[in-house]
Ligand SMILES: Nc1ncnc2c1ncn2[C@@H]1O[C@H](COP(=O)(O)OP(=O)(O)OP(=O)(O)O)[C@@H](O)[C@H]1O
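The chain below stands alone and is given in C-alpha cells; this is the form predicted on its own.
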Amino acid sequence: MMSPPSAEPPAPSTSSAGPPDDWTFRVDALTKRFATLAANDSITLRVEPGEVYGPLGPNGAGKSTLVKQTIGLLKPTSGRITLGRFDLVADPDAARQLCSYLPQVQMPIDSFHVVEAIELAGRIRGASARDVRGRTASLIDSLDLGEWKDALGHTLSGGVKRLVGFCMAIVRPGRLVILDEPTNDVDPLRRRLLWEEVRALGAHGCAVLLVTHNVLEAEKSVDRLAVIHKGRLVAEGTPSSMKAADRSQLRLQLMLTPGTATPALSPWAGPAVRVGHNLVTAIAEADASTAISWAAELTSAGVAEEYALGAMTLEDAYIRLTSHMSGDGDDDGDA
C-alpha cells in the first residue's frame, strides 16, 4: 500500500506554543453559541498524530459545529483550536491547507470522470502530477473501484460517489483528516476496505477525526471515542474503557416472531429496548443459564425465532451514557 503524502504546512500567520514537530490536534475550552444556545459548551479534547478519534453523538449534539470551527467555516465564541503550532481559529488559511475534509454531503463530481476528480483534488492540494497519479491508482485498487474509474460522476450510485469523495479527501491527506459519515450508502464489502484505508491514514501519522453514527463499526476502527451530547463532552476513552461499567453484564437479544407482543420480562432482566422485532435486554453474568432457558422456551413456543447471548457492545454503552438525557437537539443540524 502506497504511503499517503502529507500536506506541507503553510507559512504561519499566528502560531501556538507547540514545538515544530508536534502535530497534535487540540481543542481547548471551545464554546460556540447561537444566541442563547450553546452548540459547543467548553469542549476540550486532543488527537495525537497517528490516532483515529471518533466523536459520537445524536443529531444536534454539536459534532458538525465542532468540525465547521476546525476548518474555518464558523468562528468560536471562545476557546482555541490548534494543530501543532498553528492556531486554526486565528489562521483559517492554515486550517484549509493542513486539514483534509470529507463532508457528509456528496462531492459535486457529476461532470468529472472518477480518475479526474481524484487527481484534481490531489493537484489542488499541492501533490505533483506523478505522485497524485500513483496515489489515485492505489486508492482505486484498494477500494475496488476499477470498474468505475473512467465513469462520469452523474452515472455513479450514491455509495460509489461516497467512495470517490473519500478518495478525493485522502489522496493528498493533511495533518488532520476529518471524515463525516464516510460509509454512508457504501456496500458492506467496500465499507470494510474503506475502514482499512482509515486505519492506514493513522498508521502513516495522520490524525483522524472520524464522525459517524455507526457505533459498531466505529468500535473496530477508532483508538479513542468521545460522546458528545447537547454540546458537551460527556465521556471519553478507548472502546474497551467505555464498556468497563458493563463488564459484569451480558447482552440478551431476541428476534421476536412478527406479530407477537413483547413478552413479560423476568426479574433478572434489566430494562428492555424493542426496535421492530428485535428485543434487547441486559442480564447479570450469574443469570446466563436462566436467561438461555427462558429464551429457548420462547423460541420453542414460537414467540421468538432466534436468540443470542453475548458481551455488551459499545452501542449498549453509548445508549447507557445518553439514555437519561433528553432528545432535544441544537440547531447545527449535524449528524
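Quantities reported herein were computed from a predicted structural model and do not represent experimental measurements. For every residue, the number given is its place in the sequence shown, counted from 1.
The same protein also has a form predicted in complex with this ligand, omitted here; what follows describes it.
Partner contact region in the model of the complex: 35 to 43, out of 295 to 303, 273 to 281, 22 to 30, 35 to 43, criterion any non-hydrogen atom within 4.5 Å of this ligand. Not displayed here, this ligand is approached by residue 62 to within 4.5 Å at the level of heavy atoms in the model of the complex. Not displayed here, this ligand is approached by residue 213 to within 4.5 Å at the level of heavy atoms in the model of the complex.
This ligand is not shown here, and in the model of the complex it never comes within 4.5 Å of any heavy atom of residue 116. Although the partner is absent from this view, residue 58 contacts this ligand in the model of the complex, with a non-hydrogen atom inside 4.5 angstroms. Of the residues given (142, 104, 249, 97), 104 alone sits with a heavy atom within 4.5 Å of this ligand in the model of the complex.
Out of the listed residues 87, 181, 219, 197, 181 is the one that sits within 4.5 Å of this ligand in the model of the complex by at least one heavy atom.
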